[in-house]
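Coming up is one lone chain in structure tokens, specifically the form predicted alone.
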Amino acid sequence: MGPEKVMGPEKVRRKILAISSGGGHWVQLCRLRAAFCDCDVVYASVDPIYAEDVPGQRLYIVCNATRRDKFALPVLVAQLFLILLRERPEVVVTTGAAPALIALALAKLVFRSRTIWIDSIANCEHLSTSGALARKFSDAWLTQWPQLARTDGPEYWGAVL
């Protein structure tokens, strides 16, 4: 009988979907990358050029629908549903806006993922429309401005930028 192979506990990497719209939302999401270092991260956003910001990572591109673009919304919902079905993230993290809100709602209601909404730092006087709506789909509902935090939410944990 040879030596026994000792097996340590395997470290399970938490699967995260990090999603945002373009511009400042994407910049803020990328600032969180270091926090995901021990996780299996999948990104989603609206512009293929963002692949340069997440080399070696999976990046899904979704249409950039807004609440004013009612014809693009069904396409966006279908795209996000397929991403969530394929990836099955344990956690969905977003810095906004509309595409991310829909992803958050689908992830919470259909796939039972944990969800984190971080409202954009651009919203220093009040939450964004998407941010206000995100409350009912968020396990952690956050603002980046201490003056916007309330006892019943959103919470302030600091700023990304």
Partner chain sequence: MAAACANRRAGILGGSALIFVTVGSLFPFDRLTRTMDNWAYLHPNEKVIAQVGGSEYEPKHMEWVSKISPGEFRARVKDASVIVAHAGMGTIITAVENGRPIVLLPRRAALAEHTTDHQLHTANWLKDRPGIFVCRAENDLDSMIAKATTAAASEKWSISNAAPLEMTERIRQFIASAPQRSGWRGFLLRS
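Residue numbers count along the first chain shown, from 1. From a predicted model like this one, the values you see are computed outputs, not experimental measurements.
Beyond what is shown, the protein has a form predicted together with its partner chain; the following relates to that form.
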Does T115 reach its partner chain in the predicted complex if we count a contact as any heavy atom within 4.5 Å? yes
Classify H126 as contacting or not contacting its partner chain in the predicted complex by the rule of any non-hydrogen atom within 4.5 angstroms, answering yes or no. yes
Decide whether W145 counts as a contact residue for its partner chain in the predicted complex under a heavy atom distance cut-off of 4.5 Å. yes
If you check in the predicted complex, is I61 within 4.5 Å of its partner chain, heavy atoms only? no
Heavy atom contacts to its partner chain in the predicted complex at 4.5 Å, residues of 76 to 92 in sequence order: L85, R88, P89, E90, V91
